[in-house]
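Shown below, as structure tokens, is a lone chain in the form predicted alone; questions about how it binds or moves come after it.
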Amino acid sequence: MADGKEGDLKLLGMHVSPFAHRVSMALGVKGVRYEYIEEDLFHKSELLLSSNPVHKKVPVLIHDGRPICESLAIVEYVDEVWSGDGRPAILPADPYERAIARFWASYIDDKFFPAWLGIMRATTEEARGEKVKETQDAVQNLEKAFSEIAGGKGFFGGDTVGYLDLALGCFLPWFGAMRMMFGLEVIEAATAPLLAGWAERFGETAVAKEVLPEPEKAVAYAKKLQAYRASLNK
């Protein structure tokens, strides 16, 4: 980790939260030291509840006592606060390219994430099939976006990991969990070869290896959630 103006920096997260991983990877890209605090979302701490009283969820970055919530907002904050001094930029420098990156990051969270999460939460095969179709459609849109944004390079950020790489790459452990639980490839090489290649490259980056858990941990947590929801319906 690099030295710099970290101050008192804490990250409230959870070991299989892709959104917390998104922030951890952004901090890793910047080489910023921080204290990680694991949260139990079944028994939320007073620190979490007071730091994010609106949504009461992770991640929360607390910088010199001031909380910042929502992963994409935190990533942008990290990029702005820890800029210069030889630290790599996360968002594009060009205003148009930044706007495009923000558009697709919102698409990932608002359209793609609910689609594949719906596969896991579906209670009937029909409902699961609908969510599979939504997920496949979203992957095709992201395949086209990667082709246009990367311009033949290895990452959404070009030659290096950038904003959209973190926005999408944080879900890779859960894609592995989907494969293990349902035999489903979220990003299929046959239908999304560019995105499949990107996923393989991103998974091999130092920042991904340092932060992202094995899919087995996501599977274990998914089963814990399933058991919890089943207990509520009794």
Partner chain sequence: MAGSNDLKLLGMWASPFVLRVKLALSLKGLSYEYVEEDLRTKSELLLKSNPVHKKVPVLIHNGKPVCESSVILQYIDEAFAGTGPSLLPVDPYERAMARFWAAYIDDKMMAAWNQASKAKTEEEKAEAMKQSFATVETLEGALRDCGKGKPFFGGEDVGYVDVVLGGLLGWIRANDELQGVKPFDPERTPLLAAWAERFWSLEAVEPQMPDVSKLVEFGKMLQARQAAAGEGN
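Residue numbers count along the first chain shown, from 1. Computed from a prediction, not measured in an experiment: that's the story for all the values here.
The form predicted in complex with its partner chain exists for this protein as well; it is not shown, and the discussion that follows is about that form.
Among residues of the shown chain, residue 67 is one whose heavy atoms approach its partner chain to within 4.5 Å in the model of the complex. In the model of the complex, its partner chain sits within 4.5 Å of a heavy atom belonging to residue 104.
None of the heavy atoms of residue 120 is located within 4.5 Å of its partner chain in the model of the complex. Its partner chain in the model of the complex comes within 4.5 Å of a heavy atom belonging to residue 111.
Every residue in the set 73, 81 and 98 has a non-hydrogen atom no more than 4.5 Å from its partner chain in the model of the complex. Proximity to its partner chain in the model of the complex, taken as heavy atoms within 4.5 Å, picks out 48-56 from the listed stretches 48-56, 34-42, 191-199, 174-182. Residues in 196-217 all lack a heavy atom within 4.5 Å of its partner chain in the model of the complex.
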